[in-house]
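Only one chain is given next, in structure tokens, and it is the form predicted on its own.
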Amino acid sequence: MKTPGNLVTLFALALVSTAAGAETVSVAVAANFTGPMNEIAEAFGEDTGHQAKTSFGSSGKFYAQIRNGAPFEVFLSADAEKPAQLVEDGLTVPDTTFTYALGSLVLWSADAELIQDGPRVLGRNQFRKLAIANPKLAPYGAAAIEVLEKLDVDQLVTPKLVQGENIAQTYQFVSTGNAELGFVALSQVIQDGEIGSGSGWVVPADMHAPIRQDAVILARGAENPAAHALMDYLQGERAQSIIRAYGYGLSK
């Protein structure tokens, strides 16, 4: 029969065992996924004991850094192309790529009165600056260009475009008023399922190519159990609930 003292000892040993098996994984994360990844990383630590050390930024810059030997073990890109290229380059663990989120684009302004009738605000052209992410580096920027072309306002607004290095800088341009409006990730402005402040128009998904965001384990993470655990965790119920709450879709 186990005494209370025995139970305390067993519990302490279990904690030591769990801590001894815990690892840290270094993760490069696309800037648009900052909000959900911060929550997922915290939940991941609570549920697995492993820790995710996250760095946020431009997927294009991360891609270049990884090719040049940056010590990341998992890459959560803002697109599918860069992980696919890393696979071709032999810099990943085979068969670990999957789509962790489908991005949503929104035309947003910090001014609560500016965007009242959706994209018509673009045709009126009564603004100084329209911010987008660099379309050569950021898929959200490329999607924004597609939308402008479909609305047939691309030539009208091109003189007023300002480009952020990534979607985080683009959001900063708009949130500070340096640009009256801009195309940002829905995840950056959503609260409780709605645009939390300012005004905006959620772009229909059929107006641009799908923003498929892929994750992959990099070669440096091949032997790290935390890297594999994180990839599994991203596909689990708790992480996917967080992802949906930020306005992302999930791949079927």
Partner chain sequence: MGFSDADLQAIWLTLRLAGLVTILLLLIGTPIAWWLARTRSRWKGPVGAVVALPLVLPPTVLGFYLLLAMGPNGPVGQLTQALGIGLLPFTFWGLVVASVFYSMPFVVQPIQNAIEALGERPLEVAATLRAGPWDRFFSVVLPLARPGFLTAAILGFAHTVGEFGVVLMIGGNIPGATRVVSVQIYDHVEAMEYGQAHWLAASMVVFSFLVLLALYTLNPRQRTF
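These figures come from a predicted structure and were not determined experimentally. Numbering follows the first chain given and starts at 1. Between two forms, the rigid core is defined as the largest C-alpha subset superposing within 1.5 Å.
One more form of this protein exists, namely the form predicted in complex with its partner chain; it is left out here, but the text below deals with it.
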* **Contact label in the predicted complex: residue 147 to its partner chain, heavy atom within 4.5 Å** => no
* Asked: Would residue 54 show up as a contact with its partner chain in the predicted complex if we use heavy atoms at 4.5 Å?
  -> no
* Asked: Heavy atom to heavy atom, is residue 199 within 4.5 Å of its partner chain in the predicted complex?
  -> no
* Can any non-hydrogen atom of residue 48 be found within 4.5 angstroms of its partner chain in the predicted complex? -> no
* Asked: Taking 184, 238 and 248 as the candidate spot, are all three within 4.5 angstroms of its partner chain in the predicted complex by heavy atoms?
  -> no
* **Interface residue in the predicted complex among 58, 34, 26, 224, criterion: non-hydrogen atom within 4.5 angstroms of its partner chain** => 58
* Asked: If you check 142, 121, 93, 161 against its partner chain in the predicted complex, which one has a heavy atom within 4.5 Å?
  -> 161
* Structure fact -> Counting only non-hydrogen atoms, the one stretch of 214 to 222, 39 to 47, 184 to 192, 59 to 67 within 4.5 angstroms of its partner chain in the predicted complex is 59 to 67
* Asked: What residues of 69 to 87, in sequence order, lie within 4.5 Å of its partner chain in the predicted complex by heavy atom?
  -> 81, 82, 85
* Does residue 209 move its CA by 2 angstroms or more between the shown form and the other one when the core is aligned? -> no
* Does residue 183 show a Cα shift reaching 2 Å between the shown form and the other one after rigid-core superposition? -> no
